[in-house]
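Next up: a single chain in structure tokens, the form predicted alone.
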């Protein structure tokens, strides 16, 4: 933990060397997320509900997935930029150091400008939580926190899976953006809006629904299932195959010679 905190300090100091650029990028991330949220607002200026969900409920769902994705993109960014690390030979240096390769890749890139999206999600939370009609007792607060934490780890798992595939392709696969950025975009609305086929895919293949949709229904009082409330715990099982792909790729890695 001490070494990871040192990584955090190093990245923060390096990014603050260009303060104007840092804050402009931070504001840009905030405004980009805000423009996406405008699409939801425009939708609800025409329709009172979407598949039985109100504007406030959809806003709460949107804030959860955006905050989870922002945390993953901030602190697990190293896996997202992994193809460059393989291509320029930097990963060879990592392998000769007395630390876990996963840990070193994790600490290689921490992008604090992505917190602009996190700030936007916090603003939406501040607006939606008191208007959602949810009884914010201890169980519901714990469920909400579990959704955000599990969501950030699921997105981190997707980044890790992406990095594992890069061992075989030596370059990033743009198709993975369907699962990373695409999952974030799907999460703007409760997933039942997209139909049963998409809901099943995002339950059993990429478990976005496990940390987002099912526990969200318990928050809104649309379900009283204890199993659905603890679904974020099951979503964490997704990290196992992601790590296995990374391990298999690591065992088959051959230096680029650069």
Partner chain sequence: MTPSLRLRPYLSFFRLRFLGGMQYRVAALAGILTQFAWGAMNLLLYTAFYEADPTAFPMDFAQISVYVWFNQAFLTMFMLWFLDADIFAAIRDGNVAYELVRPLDLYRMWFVKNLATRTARVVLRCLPILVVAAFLPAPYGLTLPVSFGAFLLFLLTMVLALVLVVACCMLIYIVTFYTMNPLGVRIIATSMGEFLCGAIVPIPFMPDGLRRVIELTPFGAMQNLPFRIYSGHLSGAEMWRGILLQVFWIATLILIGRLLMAHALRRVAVQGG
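The shown structure was predicted, so the numbers you read here are calculated from the model rather than taken from an experiment. Residue numbers count along the first chain shown, from 1.
From this point on, the text means the form predicted together with its partner chain, which you will not see here.
State yes or no: in the model of the complex, is some non-hydrogen atom of residue 194 no more than 4.5 angstroms from a non-hydrogen atom of its partner chain? Heavy-atom contact with its partner chain at 4.5 Å: present for residue 194.
With a 4.5 Å heavy atom cut-off, would you call residue 76 a contact of its partner chain in the model of the complex? Result no; residue 76 lies far from its partner chain in the model of the complex.
How about residue 203 - does it come within 4.5 Å of its partner chain in the model of the complex, if we only consider non-hydrogen atoms? Looking in the model of the complex, residue contacts with its partner chain do not include residue 203, since no heavy atom lies within 4.5 Å.
Can residue 227 be called a contact residue for its partner chain in the model of the complex at 4.5 Å between heavy atoms? Looking in the model of the complex, residue contacts with its partner chain do not include residue 227, since no heavy atom lies within 4.5 Å.
Option from 180-188, 147-155, 114-122, 127-135 whose residues, in the model of the complex, bring a heavy atom within 4.5 Å of its partner chain: Looking at the partner contacts, the answer comes out as 180-188.
Assess the spot marked by 24, 45 and 49: is its partner chain within 4.5 Å of a heavy atom from every one of these residues in the model of the complex? Heavy-atom distance to its partner chain in the model of the complex: all three under 4.5 Å.
Hey, which residues along 2-38 are within 4.5 angstroms of its partner chain in the model of the complex, non-hydrogen atoms only? Residues within 4.5 Å: 20, 21, 24, 25, 28, 31, 32, 35, 36, 38.
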